[in-house]
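Structure 1 and structure 2, given next as structure tokens, are two forms of the same protein chain, each shown alone.
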Structure 1
Amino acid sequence: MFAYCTDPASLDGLAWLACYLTTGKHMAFYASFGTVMLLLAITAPTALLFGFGGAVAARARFLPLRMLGKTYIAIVRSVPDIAFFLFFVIALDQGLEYLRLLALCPDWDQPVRQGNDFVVCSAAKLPSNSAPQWVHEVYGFLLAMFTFAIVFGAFAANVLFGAMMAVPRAQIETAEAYGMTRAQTFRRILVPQMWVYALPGLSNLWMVLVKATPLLFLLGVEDIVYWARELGGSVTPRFSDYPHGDWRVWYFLALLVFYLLLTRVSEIVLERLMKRLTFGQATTGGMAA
């Protein structure tokens, strides 16, 4: 980074620190904060979408759809997210490759499972073996995002389901009295009104999602926790220009500050949103002293 960094062993104090904190490894560490924020920014709306789908399915009149929605909510909510992450991503990846195998290699005659191996034709590999590394990373990131969305979608579905039930009956009845169809009532009355009931639940869910991001490293994404462990561990002079002892405390302290800040900012934003949503509405949120 800096010109004087060519021989770190001769440096000390701030100059050494400046060089140390700008190594390629540290740059990757800083970039991973972006990864986490990006994941949060994409996952939250996707999970909300899954949750909406799940909630609508769970209150559908068509029985199999209702069962499907309820099972999704019940099962995914019951299983610890960590256990889910440990096998689901590989299953998802294999599922996608199997679909591609069916689509791209119609004359493939070998079994897909050969002993322990999962084998598909090379065209069906996802991403293709010769794809540059960043494509693999983006793919891994998308898988992680999708998995997060499925897990948190179930929780969001539970919240939205409750919120839909919480919209006062009278509102629905009035809509029916005006001759709105079920779909119209849903679109014009239920959905706009449910958000205020859903927001406390959804904001808590957001807090839980923020704190679940350290699990990213289980999904093969090199996130802040991965780099903090990697950088904090002691290194001997043989393998690095910047040998140091066990510095994990400092890196984890930095993570702690990051998470506390993120939580504080979220709290403030969500509080404002709640004030706006409850403005003029006769709910407890609006009236709470």
Structure 2
Amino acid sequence: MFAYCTDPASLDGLAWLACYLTTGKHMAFYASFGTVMLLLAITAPTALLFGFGGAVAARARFLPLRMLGKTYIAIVRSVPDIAFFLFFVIALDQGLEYLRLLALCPDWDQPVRQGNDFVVCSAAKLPSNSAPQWVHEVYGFLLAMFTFAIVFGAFAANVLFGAMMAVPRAQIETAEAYGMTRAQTFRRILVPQMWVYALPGLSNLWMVLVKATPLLFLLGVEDIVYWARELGGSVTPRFSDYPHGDWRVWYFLALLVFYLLLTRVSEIVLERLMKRLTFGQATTGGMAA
């Protein structure tokens, strides 16, 4: 904050605006853009890992494993994202606390369900009541990230399963004719070739993931949507040194520009990645890429 910002009431014009845009809440608003990017950076590879595991399980020869993979894909894809997010975060949080209750408070004799409340001993609370605020924020972010990864992992599993099935059967048969085992064929033939077929679907899934990041607000994480509503709402001189009217349209316009830029950069990167993966291969146009 600038030195002359100690008395905002005496300022006007650009000086007032400069002080207003450098308040503590605005710094948290700017940092929340990093929260969104961090969520994408962690969730995307984690969801891809879940998706790969789900796709491999769905095409396994072992029936229980195959049913597990297909059930994971079917259930998560069938439930609306918002409903799953709100349910899974609460269920996961309470499940972890219940496991800690069994481990840390074996003598606990009260029911965990008391009306609408979920009650456990103090030692089982996660995070503990005495933990600093940043621990609660990190814990909430990790729950949100894991939930995003579970949901989008199911969609990624469906895409990767289809991509594996799209690899020409002749490639697999040729590998088997050369004496490759099933594992070697999977590792050396199927997986390297499936990415060309998977990338269009994964590209769309990435765009959906980007657009889904505002759901962090519903999960209790102070993201860009939270701060846009918090800062953009009307403020009177009684409650702030920087009173203003309803400015939410300008804050959400900033979010619009941010997501448009992020989407455009994503399109450029994905287009270059597709060209790299298809280099030297026959395309639907009949020419080598």
Partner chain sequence: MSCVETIADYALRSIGFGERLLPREGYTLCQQFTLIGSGMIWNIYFGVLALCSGFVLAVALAVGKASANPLFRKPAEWVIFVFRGSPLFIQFFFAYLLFLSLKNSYPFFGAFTAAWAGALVVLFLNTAAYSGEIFYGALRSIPRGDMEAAEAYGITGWNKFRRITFPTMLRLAWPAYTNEAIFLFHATTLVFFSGFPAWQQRGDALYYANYFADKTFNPFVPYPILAFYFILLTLSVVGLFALASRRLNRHLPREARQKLRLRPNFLR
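Here the structure is a predicted model, which is why all the values come from computation and not from measurement. Numbers given to residues start at 1 and step along the sequence of structure 1. Definition used throughout: the rigid core is the maximal C-alpha set that superposes within 1.5 Å between two forms.
Shown second, as structure 2, is the form predicted on its own. Residue displacement note: A177 has its CA displaced by under 2 Å between the two structures (rigid core superposed).
Superposition on the rigid core between the two structures places the CA atom of M165 less than 2 Å from its counterpart. For A103, the Cα coordinates differ by 2 angstroms or more between the two structures after the core has been superposed. With the core fitted, the CA of V112 sits 3.3 Å away from its counterpart between the two structures.
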